[in-house]
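Two forms, one protein chain; structure tokens for each follow separately as structure 1 and structure 2.
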Structure 1
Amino acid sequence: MANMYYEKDCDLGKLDGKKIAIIGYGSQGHAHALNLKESGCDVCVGLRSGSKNWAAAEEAGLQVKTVAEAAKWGDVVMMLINDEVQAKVYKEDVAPNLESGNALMFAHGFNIHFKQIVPPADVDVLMIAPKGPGHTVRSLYVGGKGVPCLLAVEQNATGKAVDIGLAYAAGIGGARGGVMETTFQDETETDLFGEQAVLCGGVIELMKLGFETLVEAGYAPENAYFECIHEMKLIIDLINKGGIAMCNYSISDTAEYGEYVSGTRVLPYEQTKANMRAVLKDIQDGVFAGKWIAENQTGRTFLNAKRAQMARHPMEVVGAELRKNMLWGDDADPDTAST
């Protein structure tokens, strides 16, 4: 079983007298900066000069500096910019301003694990990775709750990296939900696997193929959208609340019987497992990371082409129309989705 920590195990006082620089003010950045500030921490946000977020962060009552100034100012520097630009920003603006004994923090392990960032030996290197979108990190904190986090320590130069990590997790509210101890390697590999095989790659491909199969057989696209895409969330909500058991309780026995007889026809057990193992192996061997790094160095042509192709897919076109009449007010902000 993994080591779990909760609020009672965390001492926010370990951040007393420490200046915390949050680099980036996107999904995670705004949440960490505001939650830490309201927890009584000394926070500033590091942004590019001219960033549109500069005014937003100031309006929220935060002090803002350039990335280089914030890194210099901070004793704790949390990297909350896009993973694919972190190495460049680290090299140019953060590394020259890190001092011995500082803590360099991450919310995802990609750059450390795949050695895109190699920090000096005299700083702590640790991760607090919330297991949820940044906007949820913020909204749950405001409501007195918190998104669970992963804690990992890659370098413990001061011997206090765990204390800093737990205090930070408490400061953003994560310790209310629980902090699980792991490693950069495990966090990176499981996060990439989850989003590729199941959450994003798997689920979206499954919905798309289901939609196409119905439409190609002559059924209305609206019907296909409701069946194969819209209902997905309703099923997932049941599973999140009470496991597969609650889902199966709530669906009809006909649906449950169909689940058992057809699930493994659609996803043949041995073949799907073998494919998933191959995806995992590419992640573990760095093959995926190499491709993603190269994609970013060559103008993102594949990503951009795929994104445009998906936008034109009939499930997206018909879905956009149908959703106009299904705004219940509690739908997630589209820019909150992330894994």
Structure 2
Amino acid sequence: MANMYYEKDCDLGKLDGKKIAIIGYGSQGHAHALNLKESGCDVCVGLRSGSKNWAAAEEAGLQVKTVAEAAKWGDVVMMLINDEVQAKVYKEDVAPNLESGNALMFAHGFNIHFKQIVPPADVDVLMIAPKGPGHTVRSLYVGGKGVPCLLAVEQNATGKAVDIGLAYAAGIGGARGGVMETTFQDETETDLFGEQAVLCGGVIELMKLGFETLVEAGYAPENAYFECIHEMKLIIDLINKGGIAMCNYSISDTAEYGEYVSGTRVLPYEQTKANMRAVLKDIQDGVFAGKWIAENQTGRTFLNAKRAQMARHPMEVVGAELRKNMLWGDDADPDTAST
């Protein structure tokens, strides 16, 4: 069993007197910065000059500096910008300003595990990785709850990296949900696999194909959207709270019976597992990382084309129209998506 830590195991006081620089103010960045500030920590946000997020961070009551200034100011530097730009920003603005004994932190292990960032030996290198989107990290914290986190230590130069990591997890609310100890390698590989095979690649493709199948059979697109997309959240909320048992308790016996007789028809067990193993092997061997790095070096043509294609898909067009008339139709704030 992995080591698990909770609020009783974390001493937020380990961050007393330490300045925390949050590099980036996107989904994770805004959540970490605001949660830490409201937990009483000394926080600033590091952004590039002219960033569109500069004013938003200041309006939220946060002090903002350039990335280089923030890295120089901070005793703890948390990298929360996109994976694909982290190495460049680190080399240009963060590395020259790190001091011996600083803590360099990440919320995902990609750049450390695949050696895109190689920190000096005299700094702590650790990870606090919330197991949920940043907007959920923020909304659950505000509601008195927290998203569980992973803790990993790659370098423990000061001997205090675990204490700093646990304190940081407590500061963003993660210790309320639990903090699991892991490694950079395990976090990176399982995170990439989960995103590709299940959470994003798998689930979204499953919803899309279900929607298309019903529409092609002559059913109303609106009906197909409700059945194959809208209700996904309702099912996942039940599983999140009480596992498959709570889901199956809450759905009809007809639905549960259908789960058993048709699930493996849609996803044939052996073939699906073989496909998943192939995805995992590409991640473990660095094949996926190489493709993603190359994609960003060559103009992101594949990613941009797929984004445009998805935006035109009927399930997105129909869904946008339906959501306009729902109670939350005028609420475009991702921070409230889990409430």
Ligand code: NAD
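Along the sequence of structure 1, residues get numbers from 1 upward. All values derive from a computational prediction rather than experimental measurement. The term rigid core refers to the maximal set of C-alpha atoms that superpose within 1.5 Å between the two forms.
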item: Selected structure - criterion: the form predicted alone; value: 2
item: A56: Cα shift of 2 Å or greater between the two structures (core-aligned); value: yes
item: Threshold 2 Å Cα movement between the two structures for G286, core superposed; value: no
item: Shift of D42 between the two structures at or above 2 Å (CA, core fit); value: yes
